[in-house]
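Take a look at this single chain, the form predicted alone, given in structure tokens.
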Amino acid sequence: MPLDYAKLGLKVGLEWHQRLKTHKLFCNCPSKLKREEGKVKLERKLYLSESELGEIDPAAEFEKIRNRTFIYHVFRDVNCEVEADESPPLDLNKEALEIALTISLMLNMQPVDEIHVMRKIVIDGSNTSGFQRTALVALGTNKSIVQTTSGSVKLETLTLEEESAFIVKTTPSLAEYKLDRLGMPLIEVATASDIKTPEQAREVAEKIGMIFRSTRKVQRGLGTIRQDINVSIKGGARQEIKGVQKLELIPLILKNEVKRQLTLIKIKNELKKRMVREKDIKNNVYDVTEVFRETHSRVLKKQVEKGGVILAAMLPGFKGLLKQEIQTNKTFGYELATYAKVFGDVKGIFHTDELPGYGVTEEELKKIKKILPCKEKDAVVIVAGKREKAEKALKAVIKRVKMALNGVPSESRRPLEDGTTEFMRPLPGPSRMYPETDIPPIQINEGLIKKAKRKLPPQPEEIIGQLVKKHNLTYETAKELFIEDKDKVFEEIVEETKVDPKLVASTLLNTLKSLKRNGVDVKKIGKKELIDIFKAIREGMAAKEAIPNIIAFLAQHSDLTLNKALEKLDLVPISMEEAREIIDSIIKDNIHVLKRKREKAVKIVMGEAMKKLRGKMDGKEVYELVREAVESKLIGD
């Protein structure tokens, strides 16, 4: 039964992040990613300080508890002292500011009179300085809305900020980052919490993304665009789901989050019925290593043999609740396990809602329950590893279990590929922003705004509409060309070759993608190569069905000319008479089968004919020749 999101009080707001195609925001280094590891590495520790008001941000407090060391990979051609936090920042990138102003005007937002760069505390290591520089560029007005099929969504702010460092690996004690990405210009557009359904969220994200793309000033590809999703329901709590990169995942993530919050509320209510109180949940951790000295559980046995310990904690009144599914294929026990992993760097946990199992016997469980000691309605969590890590993991689990008494804790969560999420860190508070003293304010005068207005690109719907009208494309095809940033090359190819626009569109959107999935390096086939191929098709040098084969061959043999490739592929067109002879030969060789399966005769002959004629003749022409020949041979008998 579909959920009534209005009744549930679903509120969703999006923060769209888009990397710009310019040099870095506060220095002149290029915005270029590196595939290799850095030859120079920095090691840092970051420490917590209070704000001017004496307040401490919860997310920063969380990182203080973890007390991690940070390693940074440095690249001499894309990094300087600014990224290493060894030099003050330069002035804000003027080109990036112009792009931000352009986008704000396209979204009917009001640029601010004066830009002040701020420091936002970020001590997870993703910035060497311990803060991210960000600047408010524009505010929403009553005209700043995104129209969707489910109603309008207001836009609140547009900011220009520096991109974070790219994380290479992370553990509870160490995080490793690459500094190539750090400092790239990033625009963030934040909506109000007007979004009421998962599908509407996707639609809003797509429309904002299309505005960005119409500037032709944004980077493309996985990782250059991402959305943070703020979501809550009635009786739940706000969650910030960080860094969703695929539009198609947004509805699934939101549906799973609604399910998660609803289930956590049910668990809270069940705990209330069972009269479980916070003071009942002790912080006691028990060493049960001796119980598992001779265990058949390979996981536990391995830890004991390595000198580790096996610790257990009792969860009063939680029996049966840890196996509750709170997201698709993820239980409340999984939720607890993420806390154990984040804080304790352990592989996971065992709990009595899933035991006996995994080699743990009923007899071993009885011994544990006696040591703790447990009652009928109690659950037990077991963690194995080095003592310090195992203790941290179990205490984190106990802390999360106590939160369950109040329902849904506010968190920053990480999206996963299956559309579920997992805990990252506590939700940041409001006390993490303060002025950047190294960069003077920037006046936004009428001259800057007029300059931005003169350079305003067409709106996405205008570009798509022109493609539909001019080339007789479907709206969806034209939209996909625009979203994929292939509309300009499409028009250039059509203009140069005069071939069917639908064939060009299909090649750009379908053929190249299919070949790429099959391992063909389509990056080697540029606009020039495509124009030559389409000219060859127009001049009858090959049939359009040969396009995939030609592209694949040229990608593999980039040293060959197109004519040579056509010759080696044996794609020289043949005459109608030659084609008839080939088809007649196929019918003659298969005449007994065709007579037995008369109704399938055309299909059988067509399949064999295309094996020999594909790329040498248009498929429709082959079909007509096959149909005529089959009818002549079989009907005549």
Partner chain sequence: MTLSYHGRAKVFLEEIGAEDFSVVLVKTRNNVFKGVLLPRPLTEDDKHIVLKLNNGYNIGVRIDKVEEIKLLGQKARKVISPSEIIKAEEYADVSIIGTGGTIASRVDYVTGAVYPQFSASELLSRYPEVEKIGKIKTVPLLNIFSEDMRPTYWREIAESVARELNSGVKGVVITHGTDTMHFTSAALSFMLRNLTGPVVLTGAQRSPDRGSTDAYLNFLSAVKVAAQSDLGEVVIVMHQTPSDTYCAIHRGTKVRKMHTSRRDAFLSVNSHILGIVNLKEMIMFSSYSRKAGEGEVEVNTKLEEKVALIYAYPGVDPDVIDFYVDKGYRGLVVAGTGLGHTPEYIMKSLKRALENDVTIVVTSQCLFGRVNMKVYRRGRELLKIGVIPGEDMLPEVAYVKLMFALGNYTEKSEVTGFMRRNIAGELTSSLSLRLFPPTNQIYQGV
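Computed from a predicted structure; not experimentally measured. Residue numbers count along the first chain shown, from 1.
One more form of this protein, predicted in complex with the partner chain, exists but is not displayed; see below.
Of the listed stretches (219 to 227, 234 to 242, 155 to 163, 364 to 372), which one has a non-hydrogen atom within 4.5 Å of the partner chain in the model of the complex? Single hit among the candidates: 155 to 163.
Are all three residues 204, 475 and 492 in contact with the partner chain in the model of the complex, where contact means a non-hydrogen atom within 4.5 Å? Judged in the model of the complex, none of 204, 475 and 492 sits within 4.5 Å of the partner chain.
Quick one: of 386, 323, 535, 119, which gets a non-hydrogen atom within 4.5 angstroms of the partner chain in the model of the complex? Partner contact (heavy atom, 4.5 Å) among the options: 119.
Select from the listed residues 539, 114, 354, 418 the one whose heavy atoms reach within 4.5 Å of the partner chain in the model of the complex. Selected option: 114.
With the cut-off set at 4.5 Å between non-hydrogen atoms, does residue 45 touch the partner chain in the model of the complex? Result yes; residue 45 sits at the interface with the partner chain in the model of the complex.
Contact with the partner chain in the model of the complex for residue 437, defined as at least one heavy atom pair within 4.5 Å: yes or no? It does: once the partner chain is placed as it appears in the model of the complex, residue 437 has a heavy atom within 4.5 Å of it.
Using 4.5 Å between non-hydrogen atoms, is residue 510 touching the partner chain in the model of the complex? Because no heavy atom of residue 510 falls inside 4.5 Å of the partner chain in the model of the complex, the answer is no.
Applying a 4.5 Å heavy atom distance criterion, does residue 129 contact the partner chain in the model of the complex? Taking the distances in the model of the complex, the answer for residue 129 is yes, it comes within 4.5 Å of the partner chain.
With the partner left out here, which residues of 78 to 110 have a non-hydrogen atom within 4.5 Å of the partner chain in the model of the complex? Stretch hits, in order: 81, 84, 85, 86, 87, 88, 110.
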